[in-house]
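What follows are C-alpha cells for two forms of the same protein chain, given separately as structure 1 and structure 2.
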Structure 1
C-alpha cells in the first residue's frame, strides 16, 4: 500500500496552524474527543438526510458512532457510518483549512487580544487531535461509492506533509485512528473515555457505542488437581462488545406534553448535582431568525457559592446543536440571576475557534434578553400562583435578585415588583410587595417611605418612625446589607417616588396649624439652638426642632442629596474614604430632656445636656461615638446632678 500512496506537502500556513492548535489553541486536551464525535454526528446527520431525500432503503446498520481503544498499540479509534468523504474531499478538508485567508487567520489566532467567529470553518476542530496523537489516520468512503474506492489520509505530528492512499471499507463512513503520545495515554482508559463522552456529547442524537473493557483472563487463579492433564487452548478472536454511553436524547428538544414532571426533575438533578427537586422550571423554544431552545430551573435551595459573583459553579450549560460547549455561559444570563440552572442549545452561536469562548454579539444578546425575560416571568408566576412558596424563595435568593435593580435598567420595574420587604405594620419576615404597599396607601400620601438600619430591630424602633406611627403611615424597614445600594437605584414605582424618613423635610399631611406651632416653638428655642450648634460645630451641620419625633428627645438627619449616616458607617467599616458630611441634630421640643435644656442657666450643665442628646441620637442609629468612655462619664455626672 505504501507504493500506492501519494505524498502531499502541507501549505506553510497550515503547518503553522497545526503547531498553534496543538500547543496553545485549546485549553484542555480532552476537547479532541468532543470535536471528533461532533464531526461524526454531522456526517451521520448528512447521511440520514440523504437517505430521506433519495428514498434510499439500503442502510443496513443503524447510524451510530463507535469508540474503541487498544492499550497495547496505544490506539484510539472513532468510527461512524455517515456520509464519508472521497479522496478529493479528504485533501480539501484535512489538507487545507479555510482555503482563503489562512495567513490572516493565523495572525489573528496568535493575538491573545482577539476573539473570532471561526467555529463553522470545517477542519479546525479536527486538528485538535494533534494535541494528543503522534499519528493521525483517517479512512473514509463516501456514501454511494464502491467499497474499493475508500481513501486513507495519514499525518504525523511535527511533519510538514501528509499522505493519501487507496483503501477499502465495508460500508460508507469514516474511521479516525489515533496513535496517542505517551503523555496522553490516559485516553486509553475506558472510564476516562466514558467520562469525557458523557460530559461533552451525552445528548448527541445518535448512539455513541464504547467498547467494553476486555476481561483479563490472565488473573484466573483456578487450579486443577492434576495439572498434567490440563488442556491449553489457543486464544480465539472474539468480536468486541459495545455499550451505549450517551443518552442520545436531549430533553429540551422534545415536546413539553411528552415530558413528565419526574423527567424534568430527574434532568435537573443530573445537570445541577442537586439532591432536591427544583422549585420551578421554564421549557421554551425560540424560532425565527435565530433559533435556540432550553430549560431554565429555579433551585429550591441556594448553592454554596451564591455569594461569589465571580467564582461559582453550575449555572447555565451551553450546547450548540446538542454538543456541550461550556459550563457557566455567563454571557447568556445576567449575573444577578446566577442561581438559575439549566441548558441553552443554539443552532448557531458565534464561538471562538476552540469553541470555548462566546463572542459578544447580537446573537448572544438576543439569547440573554430572552433568558432574562423567561426567568422574570417564571418568578412573577411563582409569586402569583404560590405566594407562600415564593416567600421561601425570596428568603433564600432575595438579596441576589436585588443586585439586578442597579444592573438591569430595562427590567428594573419588573424586578421591583418581585421585591419583598418588612414594614412598621408587618412582622420581621419580608412579605410585603411594593404593589401591596401602594395599594393600601391613603390618597393623601404621595411617596413610598423607607428607613435603612443595621437590623430589623434597629429599624423598627428608630425615632425617625415616630411621626409616621402617629399618623398611621406605613414605612418600609430595610435592614439587609445590600439595601443601601438598592435604594440608590430605586427612583419610583407606579409613579410613586421613594423617600427616606431619615433624610430631608417631612411634609406629608402637615397642617397649617402644625407649621405655625413649629414656627412659634423655633422662635422660643432660637437661642438654645444657636448655642447647641456652637457646642457641636465640629460634629453637626445644624441644630433644629424636629417634625419627626413624638417620643424620643433627639435624632440625626441629612439632606436628600447627601450620604446617609448608615452608608457612611458602612464605608468607614470597610476602610473606604468618605466625604465629610455632617448631619443635622433634630430636637423634640415636647420632650422633658429638651425642656430641661431650654430652662438650663448653667453653661456647663447646658453643654452636658447637648452632648447627652447628641450621643443618644448617634446610639439610636446604631452609630459609634468617637469617644464612648468620655460620653459615659459625662452622662454619669449628669445623672449625679439630677439625684
Structure 2
C-alpha cells in the first residue's frame, strides 16, 4: 500500500478494555466468530433496508458473508457486502466507545472484581477479535461511496494505537482480516470453523459461505493426477469454492420443531448483546386480519439500566417482511416490560415506517397488545412450571413489573396474579402470591390486609400487626419503594378489596363482648384521652383507645381515605408538598404505661408520659420526630424517677 497512513491513539479506556477482553475471555475465544458474523449480519440488514428505501437495484451479488482462511499466512478473513463504513465511521465505531453500556462497563471495571462476568454482561463485539488475533485489519467501503474511497483500519494487539489508510474495494461492504496468534491456529481449520459457525450462528438469515478448500491445498497433486498436462492451472481452480454452512432463513420464519435450543439462545445473544442465556422465550405467528410473527425472550439477568424508565435500552427489533427496520422499537411493548428482548416481523407495516408513523399506527397497537399478552402468558407458565426459578425472576424484575399494575388497566388482574409478597406468615423472601393468600383466608375474613413500611423489619415488627398476629390473620408486608404507588392502584383481587392495617377501622371478626369492653374502657379513659389530645393538639387529630395493639403501648393511624404516613414521608423526602393531615394516636389500655396515665396526678408527669407515647408511635413506624429533644427530655425525666 503506497498511500499515506494516519496514526490514531485508542482512547485510554479502550486500551484498557482490549487488554481485559483479551485476558479474561481467553477461554471463550471462539466468540469472536459469532461477533464478527453478527456484525456482518447487522450490516447486511442495513444494506438491504437501504436498497429498498432508495429503490436501488444495482445490487450485483446476493447479500452474504464469506469466511476464508490461509494456514500458511495464519490468516482468517470475513467478508460481507453490507452497508460498510467510511473512514470517519471506522474511527468512530472501532476506535471509541459509542455504546453507553460499554462506557458504563469501563467505569465499573476498575472497581469490580468479577471482570469476566461484567464483560460478559455487556458484550464485547468487535473487540473479541483481539483475543485470538495478532493483527486485525478492517477494510471497508460504505454503501454508495466511490470504490476508490475505501478505507483500511489496522491495529496490532497490545499496542495503544491503530492506523487508517485509503484503500480500494470492488464493492461496498467490509473485509475483516485477522492474523491469528500461534496459540489460536485451530481456527484455520475448516472443520473447526464449520463447527463453531453452525453452533453459534445458524440463526443468521444471510448465507454464510465457508471456503471449501484451504488455498494451499488447491495445488495439491492428488486432484490433478488425471490431467495429462498440468502446466496451466485453470483460474477457477485458484479461486476458492464456497459452501453454505447455515440455513440462511430468518429464524422466526422457521418451524419451532426445526429450531434447536442452541439456535434460540444464539439468536437471543445476537439481538440482545447479552452473553447469558435467556431464561425463557415465546415464538409465535399471528395470522388473520393482521399478520406478524416474532420471538420474545425473557433475559435471566437485569440490564444495568433497568431502573431508568426514560434512558432505557428496551424495545424490540422490528422487521417488516423480513427486512430490518429498526432496533429498540419501544412502541411495540409497554414500558413496564422493557426488560423483554426480541424481534417482531410485521407483514402490514410499510417498509419505510418511521418511529412517528409507528407511534400512531393501528398495527402497532395490535402488535403491542399481542406482545403484552404473550409475555404475560410466558410469565404465568414460568411461575407454574418452575416456581423456584420464577422467584428468581421476581427478585430481579418484580419491581419493574409492578409498574404495570398502574399503567396497564386491561391486564391488571393478570399482573396482580404474577406478584409475589412476603407476609407475617412467610419469611423475608417474597414468595406468596395473592391467589395463595386468598386461598388460605378464613371464611370470616373479607379483605386482603397489608402494611407498608420502609423495610421488611420495620413492617414485620410494626405495632399495627399485633392484633392480626393475635387473631392469626395473614398480612402482606410491603417494603419496596414502589409499593405505595402499587397499593394505590391495586383496588381488588378476586373481588377482595385491599386494606391497610394502619388505616381506618379494622372490624374483622369483632365480637359483641369485645366491642362493649372497649366502650366501657373508653368511658373510663375519657378524661385521659381529652387531656392527651390537648397536649398533642398540634400533632394529632385525635387520641383514642386502640383495637390494634396487644404488646405496644401506642401507634399512629390515619383514616381510610387519607394519605398514609409512609407515603407522606416518601413525598417529603422527595421534596414534594404534602397535605397537612394529622394522624390519630391510638393507645393500648391494657398496657402498663397507659394505665399509668390513668392514675397520674401530676400534670407535668402526665405531659411527659403523653410525649413519650407519641414519640414511640412515630419512631416505631420509622418516622421522624419534629422535636426529638422534647421526646428525649421526657424519656430521661421518666427514667430519672427510676434511679
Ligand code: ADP
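Numbering follows the first chain given and starts at 1. Throughout, rigid core stands for the largest set of C-alpha atoms superposing within 1.5 Å between the two forms. Computed from a prediction, not measured in an experiment: that's the story for all the values here.
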{"item": "Identity of the form predicted in complex with ligand ADP among structures 1 and 2", "value": "2"}
{"item": "Rigid part versus rigid part between the two structures; hinge residue out of 498, 248, 442, 544", "value": "248"}
{"item": "Rotation (degrees) of the lesser rigid unit against the larger between the two structures", "value": "77"}
{"item": "Per-residue CA shift, residue 206 (Å; core superposed between the two structures)", "value": "6.5"}
